[in-house]
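Just one chain is shown here, as structure tokens, and it is the form predicted on its own.
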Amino acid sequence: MKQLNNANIENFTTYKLEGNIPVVYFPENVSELKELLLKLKKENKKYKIIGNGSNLIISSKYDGVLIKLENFDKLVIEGNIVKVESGYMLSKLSLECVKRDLSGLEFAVGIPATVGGAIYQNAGAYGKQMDMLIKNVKVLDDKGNIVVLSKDDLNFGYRDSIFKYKDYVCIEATLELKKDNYDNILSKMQENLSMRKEKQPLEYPSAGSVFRNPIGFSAGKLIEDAGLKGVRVGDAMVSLKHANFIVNVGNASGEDIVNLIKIIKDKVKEETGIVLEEEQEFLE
């Protein structure tokens, strides 16, 4: 199994953060993954399974290991049924589906996540999200058994799923899409990409929306109304383009991001009484 020692965090988060990881493992298949997990658990070592790191803040002091499932990248499409492994890039999958006149993943174009990460987070955009497409998910459970869970077993919610609470590893997902006209699908994807470029600070490293939208409110507007656009901690800055994004304008660390999140939460709570909830996960 390939591994990298003293690996640069920058290569494993879309925030491009400062710092180093002791070890990053790249299992080739389920057997290697199972063996690795059993070994790490036996040795009581801290670990995190990651996709593209697109919703992840890693502390510069993190002393655990990372397990990256980039080799889990098989794709089979039969009719409108898509079987895809968890390490496959979501935006790439959306492009493969449009080639086959399959609609449903138009929202995913431009989202820098893997399929597994998107399911973990129940990622979405433009009123659509992953749970609308899922038929079932193949997982490795905490005892090393392969189990197939139906959509109803996965407890999907707004940016939420059972994977946040159970020691399950997503291995493969089965999605059900709909046939549509190629031009219709492509037009919707292009529209979504244009909106993304117009509204999001894609010129800087980030990890997408920092906070969930409170019911009845826009997190971005709450942050902007609190006068926080442009506020910085080190090289972490509240985006001038979209206030619900924190961007790395230089050499930000995970601690810079987390400290800026605290400033934002405290200020918004002071101004409005609303407690913002993070979408992003912090490894420390």
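Sequential numbering from 1, following the sequence displayed. Because the structure is a prediction, the values reported are computed rather than measured.
One more form of this protein, predicted in complex with a small molecule, exists but is not displayed; see below.
Here the chain stands alone, but in the predicted bound form its contact with the small molecule, taken as any heavy atom within 4.5 Å, falls in 108-116 among 93-101, 75-83, 178-186, 108-116.
Only one of 71, 200, 136, 213 lies close to the small molecule in the predicted bound form, with a heavy atom inside 4.5 Å, and it is 200. Contact check for 48, 54 and 169: all three have a heavy atom within 4.5 Å of the small molecule in the predicted bound form. Among heavy atoms of residue 125, some come within 4.5 Å of the small molecule in the predicted bound form. Proximity of residue 206 to the small molecule in the predicted bound form falls within the 4.5 Å heavy atom cutoff. Contact check for residue 272: no non-hydrogen atom falls within 4.5 Å of the small molecule in the predicted bound form. Proximity of residue 192 to the small molecule in the predicted bound form: non-hydrogen atoms within 4.5 Å are absent; the residue sits far from the partner.
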